[in-house]
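The chain below stands alone and is given in structure tokens; this is the form predicted on its own.
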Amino acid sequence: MKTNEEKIQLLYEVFSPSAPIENTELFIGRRTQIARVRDIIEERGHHGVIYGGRGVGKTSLANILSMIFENISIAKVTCNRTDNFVTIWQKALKKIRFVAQNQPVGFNTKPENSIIELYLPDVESPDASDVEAIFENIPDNILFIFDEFDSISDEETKIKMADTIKVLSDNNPHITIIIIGIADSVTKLIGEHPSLERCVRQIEMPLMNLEEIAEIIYNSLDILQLKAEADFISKTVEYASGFPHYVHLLCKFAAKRAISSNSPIITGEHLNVAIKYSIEDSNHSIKSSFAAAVKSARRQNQFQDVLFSCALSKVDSENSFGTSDILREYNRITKQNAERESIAYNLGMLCKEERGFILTKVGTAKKYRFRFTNPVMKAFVKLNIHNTIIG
């Protein structure tokens, strides 16, 4: 049985709301994505692009991929805004080293090992053929992971990377490239290259489903030797809205409160405290946008009611919701029988800068739907709904 001090110390290892997961025992879910990456590696000549929205756990997945595959050399690179084709490959190649055995000359001489390092050739503008040449005489399987590729805006780099994937697929099938980044399509991440359709597999990282979120909670609390009331589990799953960040944030504060009060069970009171701290600990831009959206001099804050209704509305496969969906929740919350015109002004304003660009219009005229401009906002709004209800 762990002491409270041991649980508190372990707490910060188990829950990681501000940093990607780096421990395979703590990484939950995404089995489909991992299986597809495994298929890509095993099917020679194939490469992958993992794409999805902000905050869904792409970097955590990248970290785990670097740990779970055996019998393959892996180099993970985190791209940034200053990178280009040369710098990302320089970073990647520095992380790959091979031990070669030199055949000795003469009798009674033992073989000597030497380290083989990989470099881009010293030419003015390296391209796909130069990368291909590096691996010509290397039979080993190598996986290169380029994370946060969306931070690269240089179009030439994207074109050269696409060319490299195609060349490696044709001539060096034991080399695999996985590109990871924020995007709602592969085209927006690496550009449109019809020649890649044969050799690149698309892997979407959607929001986590309810089962995955619940599994994170149960697995983490089990490590801490804690239990939780069913209401805490269900509300945490709902409020997280598919984002692992908010699961970790809520559970961290709730578990800490329970441990500090010598409670082996996390209760609704612990959740209330966790929500208050989670709101305070949320990203500054999220808090600022929310504040701009709901500001009102009136006692009855219609902007807040409309925004709350948006967060509670039923969504389609594109995470968008219609005015009728919003109106249904609005009437439920306010106990009114309002018409569409009653909230049309508020919805329009929530799409503007002065209201924090909270919503974005999608669709065509007269068939407009809405979605949260930053999907993470939905979880933040749900926390504020709970906080408002409990006072």
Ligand SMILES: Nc1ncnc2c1ncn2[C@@H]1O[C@H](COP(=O)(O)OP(=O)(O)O)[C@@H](O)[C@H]1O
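From 1 onward, residues are counted along the sequence shown. If you're wondering where the values come from, they're calculated on a predicted model, not measured in any experiment.
Another form exists, predicted in complex with this ligand; not displayed. Remarks below refer to it.
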| item | value |
| --- | --- |
| Ser18: touches this ligand in the predicted complex, heavy atom cutoff 4.5 angstroms | yes |
| 4.5 Å heavy atom contact, Lys160 and this ligand in the predicted complex | no |
| 4.5 Å heavy atom contact, Leu26 to this ligand in the predicted complex | yes |
| Exercise: His47 in contact with this ligand in the predicted complex, heavy atom 4.5 Å | no |
| The unique member of Val56, Ile41, Ile326, Leu350 whose heavy atoms fall within 4.5 Å of this ligand in the predicted complex | Val56 |
| Option touching this ligand, based on a heavy atom within 4.5 Å in the predicted complex, out of Arg257, His245, Lys166, Lys227 | His245 |
| One stretch from 59-67, 328-336, 341-349, 356-364 that, in the predicted complex, holds residues within 4.5 Å of this ligand by heavy atom | 59-67 |
| Candidate spot Arg30, Met208 and Ile216, all three touching this ligand in the predicted complex (heavy atom, 4.5 Å) | yes |
| Residues in 330-348 close to this ligand in the predicted complex, defined by a heavy atom within 4.5 Å, in order | none |
